[in-house]
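One chain is shown next in structure tokens, namely the form predicted alone.
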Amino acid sequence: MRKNKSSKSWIIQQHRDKYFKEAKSSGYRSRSAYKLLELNEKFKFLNNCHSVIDLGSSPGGWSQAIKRNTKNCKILAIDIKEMEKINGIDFLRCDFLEDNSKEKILKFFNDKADVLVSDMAANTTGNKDLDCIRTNLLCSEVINFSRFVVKKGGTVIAKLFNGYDFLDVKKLAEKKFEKVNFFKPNSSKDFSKETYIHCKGFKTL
């Protein structure tokens, strides 16, 4: 009974959600597409962009937003789950932490990419502190991974949570990139601890 009430409450909240409604009317697969649009409005990383990696892409809302806001841009969506086909977007089903994933990505672009974006979060456990730690660890892994597949002057956008390990992620990013900023889009729900890190230009090791 509780589960049914909870499910009904979630459905009602979704239908009252401004961005959920806009996503439905605009043909986006998820409301998170508007987070990507706000991030791009803030940081302009899709301007003159020719290659993008959408890491953890399913169901495809971010890939759709990238496609609609770029011209002549090669987009590679990557996820461990299947993603329904989107015209003009290539999809690679793999775990980016697997040893051969870097080679697959580099082969696809025949070079490193201009931009890597990630809206990934760890699967929820019901323990908010643990979920925060696991998602921020994932963000750290994205940052470390990006050096192998993103150009020296490129951009990385990734989700993280305010809470445990936030400062560790910040320090890691500042060690590797010339510019590091944080931004919480208006389309991110008020109660959510999520924010996004924007990293630009790798430092010389």
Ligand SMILES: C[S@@+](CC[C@H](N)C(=O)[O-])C[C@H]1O[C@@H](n2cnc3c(N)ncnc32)[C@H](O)[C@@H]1O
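All residue numbers refer to positions in the sequence shown, first residue = 1. Remember, it's a predicted structure, so these values are computed and weren't measured experimentally. Under this definition, the rigid core comprises the largest set of C-alpha atoms superposing within 1.5 Å between the forms.
Keep in mind the form predicted together with the ligand is missing from the figure; the text below concerns it.
Each of S57, K81 and M120 is positioned with at least one heavy atom within 4.5 Å of the ligand in the model of the complex. A residue is said to contact a partner when one of its heavy atoms sits within 4.5 Å of a partner heavy atom; G61 meets this definition for the ligand in the model of the complex. At a distance threshold of 4.5 angstroms between non-hydrogen atoms, L130 is out of contact with the ligand in the model of the complex. When contacts are judged by a 4.5 Å heavy atom cut-off, D95 counts as touching the ligand in the model of the complex. Using a 4.5 angstroms limit between non-hydrogen atoms, N69 is distant from the ligand in the model of the complex.
Just one of S32, T155, N40, S51 comes within 4.5 Å of the ligand in the model of the complex, counting any heavy atom, and that one is S32. Listed residues V180, L138, V169, L46 were compared with the ligand in the model of the complex; L138 is the one with a heavy atom within 4.5 Å.
Annotation for 154 to 171: the only interface residue with the ligand in the model of the complex is K159 [heavy atom within 4.5 Å]. With the core held fixed between this form and the one not shown, D95 has its Cα displaced by at least 2 Å.
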